[in-house]
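Here you get one chain, nothing else, as structure tokens; it is the form predicted alone.
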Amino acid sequence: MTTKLIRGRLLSFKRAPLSMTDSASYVYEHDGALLVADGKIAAAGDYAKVKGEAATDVEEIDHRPHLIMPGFIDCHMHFPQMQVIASYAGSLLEWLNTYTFHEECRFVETDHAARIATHFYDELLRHGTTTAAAYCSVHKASADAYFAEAMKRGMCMVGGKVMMDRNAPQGLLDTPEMGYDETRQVIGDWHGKGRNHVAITPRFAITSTPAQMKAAQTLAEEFPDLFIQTHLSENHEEIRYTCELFPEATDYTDIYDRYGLLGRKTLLGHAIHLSEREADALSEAGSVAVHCPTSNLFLGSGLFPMKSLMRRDKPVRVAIATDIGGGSSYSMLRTLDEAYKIQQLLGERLNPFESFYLMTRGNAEALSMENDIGTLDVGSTADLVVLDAAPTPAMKLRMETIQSLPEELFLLQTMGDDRAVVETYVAGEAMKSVLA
């Protein structure tokens, strides 16, 4: 059995924090340790106690004084969009038609997809992200590259071949039949292999005909345990156009409901501009509204009312994500910094315990994976991030006056990026330090 003892300050959440003083929501060990055996957490807690349970010859890795947490989780990304980040455009549809769709056409090429997959996973690990849910392109080759690289690195990843059969360049279109058949092939080739999870992925209603939406519904009925991911109510122009394409629907959310695509494993990117009826529908289905703050600000899409959705009489489940490449950073730290600012503009507060809960256990709960990832609980996979709150001169200077854990977390969230990530572990194996 391969074992190691990883020492440092430990922080893990038991549930969503109710306030800054809700110490019952998390576990913090000032001098803690994780005993990792065959990729799983075998013991966690006070260093002296955990060391006493370990073999005398166990490999010990000392990360003091740094903070060890579960690896970050990102619930909405676009794998083929690495080379369109920072593309100048005024709105979502302009950005898609001017840059993004043309870039995604390149993923028909196997070599290109494989090259970008290498860079994609390097960036995730550099920024402390150990699990993500991502869209591939319409081409099966892109999904093959995405899942093959995930298996190579032992990462727990969600992804899907995009289904889209209209309102895009010819090189980015399939048909209802092809979307169905190739998604089934991706499921057969990759779902459950290693730590891979395939998602049924109609891009959004604008790019899928009713026939293709029906094909997605058939897949959802045949594979009820799979994730479903798509986009919802990101931009006012998008909403208007979508409703024109589906005039029989009550609203945008009703389109997905009519095709049986709402459920507890449905991830709906953005969901900014929801009516009360739509929010009720998501709550009743248990679907997840995925907040993408850097993207929402970059494209001017709107301010996501996260706190008001969460405290409704019928609360909506919420996750958080970078939305690369509409999003402007791979860092979940930078992402939560922008989420904080959005809530400030809405007259709400997002405290640092809530932010780090969302990056870890919260997003794991959104993926229904909290028994495997997102915590430092015994039995969980040892996907970890090690954080240094003083990696830059400015942060080091600020740390001289910090006197509490929440202040340290808020500094990490406000000024941190990949430089704050000392190490990223996947199933107990150090991954960042070995990147080229």
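Here the structure is a predicted model, which means the values were calculated and not measured. Counting begins at 1, following the sequence as shown.
Unshown form predicted in complex with a small molecule; subsequent notes refer to it.
Participant: Can you work out whether the small molecule is within 4.5 angstroms of a heavy atom in all three of D337, E354 and T414 in the model of the complex?
Facilitator: Zero of three within 4.5 Å in the model of the complex.
Participant: With a 4.5 Å heavy atom cut-off, would you call D323 a contact of the small molecule in the model of the complex?
Facilitator: Taking the distances in the model of the complex, the answer for D323 is yes, it comes within 4.5 Å of the small molecule.
Participant: If you check in the model of the complex, is F204 within 4.5 Å of the small molecule, heavy atoms only?
Facilitator: Yes.
Participant: Is Q229 a contact residue for the small molecule in the model of the complex, using a 4.5 Å heavy atom cut-off?
Facilitator: No, Q229 stays farther than 4.5 Å from the small molecule in the model of the complex.
Participant: Does at least one non-hydrogen atom of L92 fall within 4.5 angstroms of the small molecule in the model of the complex?
Facilitator: L92: yes, in contact with the small molecule in the model of the complex.
Participant: Of 342-350, 109-117, 125-133, 196-204, which is the one stretch near the small molecule in the model of the complex, taking non-hydrogen atoms within 4.5 angstroms as near?
Facilitator: One stretch meets the cut-off, namely 196-204.
Participant: By the heavy atom within 4.5 Å rule, which residue out of V186, L96, V158, M163 makes contact with the small molecule in the model of the complex?
Facilitator: Flagged contact: L96.
Participant: Report the residue, out of L299, M306, L261, L333, that has at least one non-hydrogen atom within 4.5 angstroms of the small molecule in the model of the complex.
Facilitator: Of the candidates L299, M306, L261, L333, L299 is the one lying within 4.5 Å of the small molecule in the model of the complex.
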